[in-house]
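Heads up, the chain shows up twice below as structure tokens, two forms, tagged structure 1 and structure 2.
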Structure 1
């Protein structure tokens, strides 16, 4: 055990170089910086927006429309005459984004049940997500205006009737069933909640696996290149202990990298969504999700952790073999590509598709990739498919054992020093 700890310490120290730490710190700082900038801009966008309204009608209804816009958070610049072009120019100067034109005869037309046109002119200054916010806000305001005007018209034609009863005579009462549990909520709300809870898992897993695999493969290739591997192999330490120590060290650094990444990413998401991510669902929504069994229990988290852990170990076992093949550090990038593809395939497939609906052959191929199982673990736990998760973990354990055995065999023989894959370079 003492030798194992000495080895883990040495491997960790070797891997924890400024070259590894700097990108992690820069990544967190970037996330914080971008998050701050976007957060500040979003707050600015939430401030009152300039909207120019040309009211050619000047009646009680058109005044109500303008009042509604003011209540919806717009700073209204009112024009009762003038041409549209000059108002657009003036709005541009004021940094406004919307010009709205209420035509003459607006109220009288509505009075005889004729639909009326309100023209809008959106001034696009950029195509960013934040840039389109004011236009979306104007659309919401127009929908509210439509609702308000139609209510007025209904009340005028049929006094004493609730306009909502006429406008929405059929009300939908939505229910969602998950497994054997049912709750009154919309499928969209459930999907949104589950997605917000599970989005981080595949991202973190993807990163951890890639980083760990690259680290361990590079560490072995470096030792081969520096010729220090021979002397390490001649020490009175079992080869399996050597391999395991390398894996544990790479796993630890990978976890550290994941924590750095998740911290930065979470901060970034909190800034741009105003704290909408990561369990900030309202108490009511939380209660409904609990009724549906869509909340991970401590046991669920443990099972998920086990699936993730064995997924990482599978990647490390493969990476050890890749490192053994590499003659130098340069060849690692090429050698590790098949492993990255093995991780990317289930990452994207589980994100966009239902694996169960794939053809049997494709499905078995995807299931044969050990990394599919940790990606599927969280959704399966939510749906109560515990058996699928357990079989997945069992498969990961078997896969890991086979590859550790192969890695151990390679390290136990001279092949570790003679196996090589060299990049062919063209000679001029």
Structure 2
């Protein structure tokens, strides 16, 4: 055991170099920087937006519409005359995004129960996420105006009646059941909460597994290329112990990388969504989720960590064998492609589909890929499916042990020093 720990320490020191740490630190700082910039711009976008209104009617109802726009957070520039083209030009100069035209006869038409058209001109300056938010804000404001005007018309025809009672005569009390627990809330709120808590895990794991696999495969290929592997193999240590030590050391560094990525990506998403996906929930939402049992306990986080760690180890076990077959460092990228495909398949399937709804054959194939289980661990823990998570971890351990054995057999042979997988190239 002492020799194993010494090897783990040695391999960790060799892998934990400035060349490994610097990209991690830079990545986190990059996420924080981009998130900060986007967050700042988002706050600017949330400030009062310029909207130009051409009011050809100039009546009480049209004035109410303009007042509603002001209350909705828009800085209204009012025009009671002029042509649309000149107003659009002025709005562009003021950095506005919307021009609205209220037609003549707007109030009188509504008074005789005729629907009226309000023309809008959306000025698209870019096609970015923040650019689309400006247009979406205008739609929300128009919906609020529509609601306000309809309320006024209902009150005029039926004084003393609550307009909402007529417009929405049926009210729905939504309940959600998770397992044997129930709470009064909407399914959308529950789905949004769980998604906000689990979004970062598959993304971080996906990136970390690929990076860690490339790292250890490259390290072994480099040792072969530099002839240092011969010295390492000549030490009085079991080859299986040697291989396992390499994987555990790389796994620990990969776990560290996962923490870095999850922190940086969480901050990034938190800034973009204004905290909606940062894990912060109101006291009421938190209480509802607690009632439904959708809260991870310290034990749950420990189990999740184990699933992630063994998922990383499975990737490293495959990568060690790939590194043993590599002719040189340059060939690693090509050889590691099948492993990347093995990671991508369950990554996308678990994000968009319920694996249980797949046909039995496809489902078994997906479950046979060890990386499926860490991707499914967090949702299963939220649903209380601890057995599925434990079986997944057990499968990962078995998969890891088998590949460690295979790698140990490869390393036990002197052919490890000469075996190569050559990629044929055509000679001109």
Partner chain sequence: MTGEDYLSFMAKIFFSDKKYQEECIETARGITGLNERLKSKIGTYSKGMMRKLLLARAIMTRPKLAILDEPTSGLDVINALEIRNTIREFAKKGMSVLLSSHNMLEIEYLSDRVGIIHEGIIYDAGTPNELKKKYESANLEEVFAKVAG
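Residue numbers count along the first chain shown, from 1. Small disclaimer: the values here were computed from a predicted structure and weren't measured. Whichever C-alpha set is largest while still superposing within 1.5 Å between the two forms counts as the rigid core.
Between structure 1 and structure 2, which should be identified as the form predicted alone? The form predicted alone is shown as structure 2.
Superposing on the rigid core, I want to see if residue 101 changes position between structures 1 and 2 - specifically a Cα shift of 2 Å or more. It does not, since the residue 101 C-alpha is displaced less than 2 Å between structures 1 and 2 after the core fit.
Would you say residue 242 moves between structures 1 and 2, meaning its CA shifts by 2 Å or more once the core is fitted? Shift at residue 242: 2 Å or more after core fit.
Following rigid core alignment, is the displacement of the residue 296 C-alpha between structures 1 and 2 equal to or greater than 2 angstroms? No; that C-alpha moves by less than 2 Å between structures 1 and 2.
Give the C-alpha shift of residue 256 between structures 1 and 2, in Å, after superposing the two forms on their rigid core. A shift of 3.3 Å.
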